[in-house]
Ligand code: ADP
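Just the one chain here, laid out as C-alpha cells, in the form predicted on its own.
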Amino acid sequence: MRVEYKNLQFIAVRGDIANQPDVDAVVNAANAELKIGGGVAGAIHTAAGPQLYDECKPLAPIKPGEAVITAAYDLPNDYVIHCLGPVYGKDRPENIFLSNCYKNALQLAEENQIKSIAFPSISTGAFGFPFKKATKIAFDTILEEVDELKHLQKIKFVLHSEQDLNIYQQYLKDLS
C-alpha cells in the first residue's frame, strides 16, 4: 500500500528488510553491541557480510533509543541505520526510547541526505513490545517529524507477517 502525505511517500509491504533495493537506507533493529543477532539484526548482518560488523564494533555499545549509521556493504542499499529499541517492561520509559529510535533514525537520514528509508517494526520481536502500541508510537513519532524532513521522500515499512502489514495499512489509510 502506498500513500502520499505532505510530499512524502509512505509504503507498507510484507517482506525481508535485508532485500529492499528501492531504498537508500534500511533500519536495523539492533542489539546494544551491534552484533549479528536473531530477527532483523540477523537478516541484515547475514546479507551485508562480515564488513558490517567490522564497522559496527567501534560504534558499540549503544543505549536504548540511540541510532548510528554505517555503510550497507553487500546489501542493495547505501546505508544501514542501527537503532536499539527498548526491551518492553525492562527499559523504561520504553515509549520514549522507542520514539527516540524513529526520531534518531530520521535525523541520521536527514544528516546524510538520504532520500528513502525502510523501517522494520522496532522492538516488537524478541524485545516483546506490543505490536499495536509500537505501531502507534512509530506513526505518531514520524508524523511529528515530517515537517522537519527536507531530503527524505519515501518512508517504507517492511513487515514480517500479513497480520502486521494489515495494522500498518490501517494507519496509512488514516493518512490519506
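The numbering used is simple: start at 1 and walk along the sequence shown. Note that this is a predicted model, so its numbers are computed, not measured.
The same protein also exists as the form predicted in complex with the ligand; that form is not shown, yet it is the one meant from here on.
Residues with any non-hydrogen atom within 4.5 angstroms of the ligand in the predicted complex fall in just one of 34 to 42, 66 to 74, 138 to 146, 47 to 55: 34 to 42. Not displayed here, the ligand is kept clear of Ala60 by more than 4.5 Å at the level of heavy atoms in the predicted complex. Within this chain, Asp22 is remote from the site of the ligand in the predicted complex, having no heavy atom within 4.5 Å. None of the heavy atoms of Ile117 is located within 4.5 Å of the ligand in the predicted complex. Although the partner is absent here, Ala29 lies within 4.5 Å of the ligand in the predicted complex, judged by heavy atoms. Contacts of stretch 157 to 176 with the ligand in the predicted complex, defined by any heavy atom lying within 4.5 Å, are made by Val158, His160, Asp164, listed in sequence order.
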